[in-house]
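Considered here are two forms of the same protein chain, supplied as structure tokens in two stand-alone entries, structure 1 and structure 2.
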Structure 1
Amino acid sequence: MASESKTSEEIARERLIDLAAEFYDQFDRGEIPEMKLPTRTKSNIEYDEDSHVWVYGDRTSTRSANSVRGARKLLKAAYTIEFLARQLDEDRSSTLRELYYLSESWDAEEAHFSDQDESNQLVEDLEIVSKVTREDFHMRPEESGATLMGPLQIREQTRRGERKIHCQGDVGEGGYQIPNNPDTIEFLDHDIDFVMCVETGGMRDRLIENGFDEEYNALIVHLKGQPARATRRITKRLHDELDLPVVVFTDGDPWSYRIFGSVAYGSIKSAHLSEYLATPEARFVGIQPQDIVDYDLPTDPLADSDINALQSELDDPRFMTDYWEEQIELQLDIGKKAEQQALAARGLDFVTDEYLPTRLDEMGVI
């Protein structure tokens, strides 16, 4: 394991330096330094038949020193490459936020990042061009705080040594917190029938309180809104390595469908990592627009931004299936949205006693 990770670090370092060398050569040849990247918009993602995930298409955009803006980006890239290469050399790691603040210490003022989005994006750019993941650059996001709860025993390689943890027995009600690099986890043993990813904390707590995980041998993954990479990565590993069905349970609004989309199909921003992060077999439980109608759930009207988001999902290749088209059209038609917790209108146990068993049965999961 140790030698393996060292190799990936070496590869990461090498690739970064190769990238710098490419810029160098461009200068030397009297050419304008540039970096070609796939265009990261929904019009440039396509379904990969082999891996069943959505990846970037052929369209590329160029960051070129031709303009002042492009030149600044490349200058920042050069500084970031140097920083990452040294970090790998010294076997240290840092967070994305630290990188943003660290840029303030660079001597070239033009190289300072103006906000964290910019530094995050640059790291993603470097991932794409060098084909090395952020984790291998030793760049961490801030803890997302997403958790697992269910009949699973794991071994985690922490900086303070190995830990063996049972994700039901050894943890409190809060569950087991997913580490930033879930590849340091080894699955030891489990009793899981299916993995259920839940969007909101309120619903996750309801399921635990009602003992849903125990009753159905379910591993509850708390997504905490738009899931972090680590959350999506561990979900994928649970599916691939333990051969478990994965279902996603979210609110019934367009933003929540995107949460499902990023678990199942990969996100547009990180489509270069879809193969590594997306679980194409994941399925959507609800809340479906159909449920709003069937269970007569308490609702809020769709805001204009919701309607725009739904319209835009209709153009999104990830949602171009009969199921989604039907559901989205229905939602636009009724003009309503509902939260997961709207199910409580039928009593606190309705979700665990009635809604989920019925839905999961329909889907053939239980």
Structure 2
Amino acid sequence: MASESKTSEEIARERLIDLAAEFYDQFDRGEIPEMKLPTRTKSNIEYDEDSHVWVYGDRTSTRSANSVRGARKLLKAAYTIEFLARQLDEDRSSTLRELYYLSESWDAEEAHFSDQDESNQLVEDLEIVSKVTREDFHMRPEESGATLMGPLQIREQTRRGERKIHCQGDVGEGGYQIPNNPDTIEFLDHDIDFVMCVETGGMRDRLIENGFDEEYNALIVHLKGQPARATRRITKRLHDELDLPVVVFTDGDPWSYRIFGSVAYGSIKSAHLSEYLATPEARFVGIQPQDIVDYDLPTDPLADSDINALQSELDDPRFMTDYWEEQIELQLDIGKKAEQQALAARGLDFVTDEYLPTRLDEMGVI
């Protein structure tokens, strides 16, 4: 008789225990314990031309107990594995910040984390070697506050049971807050024609106040700047499972283009999860450098850091297309950048009455 399929939490706990058992077996064989990981440096990040996302290359690093520093890292890993396995047994969860402070209570002083960056990186290491996500460890970041608003009905699993929510009719002006693990959401029904990811809260609020989500059957995803993993994950699910086009609407500067790149192709920091988080089919709406010229938008001059970032993007595989090269070269030529809300110089309704409908029509989205 076939065994019942395991939950993601059961798989996560199993793999954590297997990792701890491997340390034990290495000791038992008289070997110095070690843990192999992909080298997590920019030089070991590759752009996969087939999947169009960032992935780790072939170079590896070894965490080995043959040095005091390496032994401390493995000790911290062992304590963290024990904590996470117990947390899963008890069906509890904790934040990345809490893990950092919790280490202060561990009996081995050498296992205490020196700062939160160290504990965050260890959790990422454990994700990589166990091939499961931190969400399956029941680890969560501090709330990002990112939201959805649009014609989507979902079923959400909570500690208080299931609940059905319509992401327009059942929520206030703030929208539906994306949970830490959006894989607990079931899509029930929708009237969405496209998903629009919006960088800033001000622009998100303008679109909602002007009724853009209702008039164009758009699901508005507020990115809140550089998007959290949960935001990128639910965006990917909306595209893959509901076959919806995804567009990204940001400020017109190099840092915002990287926000688009993070949604579409993944980031260097989370390269081990690119195929889980990235939506390569996502397309950029604007603000384009060409828009700055065409609409004579209010601007700020490019700072030296902006110029360096734009020049770096010309060598970035994510932006090596005729479209991006043309836009970046134009921006370097005019020496200006503009915010989304600069469109308000033409009136509060301009963005929803003219700018977005024109751009989306040109792109074949509407």
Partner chain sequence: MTSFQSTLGEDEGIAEELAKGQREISIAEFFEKNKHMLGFDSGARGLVTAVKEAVDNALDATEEAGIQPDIYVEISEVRDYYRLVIEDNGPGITKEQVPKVFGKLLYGSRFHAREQSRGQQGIGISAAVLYSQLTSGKPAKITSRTQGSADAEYFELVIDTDKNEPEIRTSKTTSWDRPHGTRIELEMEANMRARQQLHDYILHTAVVNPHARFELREPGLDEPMKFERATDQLPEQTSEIRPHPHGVELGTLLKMLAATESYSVSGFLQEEFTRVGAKTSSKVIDAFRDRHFGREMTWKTPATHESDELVAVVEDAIANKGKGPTAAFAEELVDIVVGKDRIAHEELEQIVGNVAESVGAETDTSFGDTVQANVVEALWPVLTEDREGDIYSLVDEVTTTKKSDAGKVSISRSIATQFAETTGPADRATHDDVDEFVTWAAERTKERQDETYGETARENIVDALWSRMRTVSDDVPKVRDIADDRDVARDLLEGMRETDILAPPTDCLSPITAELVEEGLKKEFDADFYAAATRDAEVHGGDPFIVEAGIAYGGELKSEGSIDLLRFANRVPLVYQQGACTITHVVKDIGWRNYGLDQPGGSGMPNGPAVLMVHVASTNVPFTSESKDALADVPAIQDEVELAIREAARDLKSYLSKRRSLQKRRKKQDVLGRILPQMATKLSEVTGREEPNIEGALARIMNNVSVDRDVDDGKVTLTVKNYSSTNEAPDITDIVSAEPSGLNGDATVVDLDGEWFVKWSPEVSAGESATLTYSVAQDASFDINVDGVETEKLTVNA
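When a residue number appears, read it as a position in the sequence of structure 1, where counting begins at 1. Whichever C-alpha set is largest while still superposing within 1.5 Å between the two forms counts as the rigid core. Keep in mind that what you see is a predicted model, and the values were worked out from it rather than measured.
Between the two renderings of this chain, the form predicted together with the partner chain is found in structure 1; structure 2 comes from elsewhere.
After superposition on the rigid core, displacement of the C-alpha of L88 between structure 1 and structure 2 amounts to 2 Å or more.
Superposition of the core reveals a Cα shift of less than 2 Å for A303 between structure 1 and structure 2. Superposition of the core reveals a Cα shift of 2 Å or more for I32 between structure 1 and structure 2.
Per-residue C-alpha deviation between structure 1 and structure 2, core superposed: E22, 4.3 Å.
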